[in-house]
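Before any questions on binding or motion, here is one chain by itself as structure tokens, the form predicted on its own.
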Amino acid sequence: MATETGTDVHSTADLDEQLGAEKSTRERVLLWVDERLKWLMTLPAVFLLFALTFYPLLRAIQMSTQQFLPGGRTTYVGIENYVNLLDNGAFLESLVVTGKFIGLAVGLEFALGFGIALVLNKKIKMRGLWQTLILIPMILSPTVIGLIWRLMYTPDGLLDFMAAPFIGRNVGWISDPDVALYAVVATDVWQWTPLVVLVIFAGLQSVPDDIQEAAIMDGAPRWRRFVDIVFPYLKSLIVLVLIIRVVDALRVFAKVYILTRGGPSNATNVISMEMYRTAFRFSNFGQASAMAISLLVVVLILAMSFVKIADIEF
């Protein structure tokens, strides 16, 4: 009996040791899988990111150093395409037009959006309804917006009908070189002011009420409360929305293409429109790629400048 009992105890101990070893092995396997599976699961996203972002960028850099010859042949020209941009009158003119467009559009969008956000931050009637209506233009595609405004800009269209009592003639919203750029700016302002409203309003809502109430009790004037309390909460958001809008305005294309095709007389020929013409109208893909890479460098410099000037850490 004693021998059998000892054998049973020994067998139980061996079984427990075997189960413990199996459990330890299973835990090591699961740990190994957990450590490596998270990287394996990201591979599809990494592949898509490379295919849709990095490969086109690398390909554009390669094309910017080539000259495309008839028959699909190419020859390496180094930085010649970049040097030629300095003597390209159409490209330099498009930079000026793009600068005007960005200054007018982004400036108006920020001013209007900031003002509307301040109004919405007050407890006005039907605030939820106004917020919904204001955001509608932002959810429409640029193509749809371009078509809508092109119909409004047609001779004897809605805007001419509204302006007739004051001007007495058709304005030529997208046919007059002196007016066309402002017409495109108005379209962009209508679409993207809601973005500024959304971002600034969110920042205003994040300001703690108790701090403002304490400042009011201390007798701080309204402008002082805004500078010392509200603005620090909005600082990073202002930089963020300006970066987003400037970058987006630099690459505006669909609205310009639908409304004016870059005309009249190149009055709305922004840099993206000039790249399109250079690549697909004149088949100069090397020069167009050099324009695209130059635009990317400008965007990076502007974004870093905004962050540096505002002293923001994201």
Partner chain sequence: MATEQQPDVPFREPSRIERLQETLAEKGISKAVIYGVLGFFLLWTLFPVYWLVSGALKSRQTLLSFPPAWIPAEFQVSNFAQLFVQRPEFYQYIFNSIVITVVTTIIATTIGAAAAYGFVTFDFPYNLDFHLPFYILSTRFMPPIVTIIPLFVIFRNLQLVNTLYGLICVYVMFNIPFAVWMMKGFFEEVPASLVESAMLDGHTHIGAFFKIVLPLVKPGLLASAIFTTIITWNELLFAIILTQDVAAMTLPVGLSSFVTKYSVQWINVSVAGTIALIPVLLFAFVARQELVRGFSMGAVGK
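Residue numbers count along the first chain shown, from 1. Predicted model, so just to flag it, every value in this text is computed and none were measured. Only the largest set of C-alpha atoms that superpose within 1.5 Å between the two forms is called the rigid core.
Omitted here: the form predicted together with its partner chain. The next part is about that form.
Its partner chain in the model of the complex is approached by W190, whose closest heavy atom lies within 4.5 angstroms of it. Contact check for Q212: no non-hydrogen atom falls within 4.5 Å of its partner chain in the model of the complex. Interface membership of G99, defined by any non-hydrogen atom within 4.5 Å of its partner chain in the model of the complex, is ruled out. Within this chain, V83 is remote from the site of its partner chain in the model of the complex, having no heavy atom within 4.5 Å. Just one listed stretch, out of 144-152, 175-183, 85-93, 100-108, contacts its partner chain in the model of the complex at the 4.5 Å heavy atom level, and that stretch is 144-152. Across the proposed site, K122, I136 and L158 without exception bring a heavy atom within 4.5 Å of its partner chain in the model of the complex. Contact annotation for 261-279: residues with any non-hydrogen atom within 4.5 angstroms of its partner chain in the model of the complex are R261, S272, M275, Y276, A279, listed in sequence order.
Put the two forms on the same core and the Cα of R73 is off by less than 2 Å between this form and the one not shown. With the core held fixed, the Cα of I124 is displaced between this form and the one not shown by 2 Å or more.
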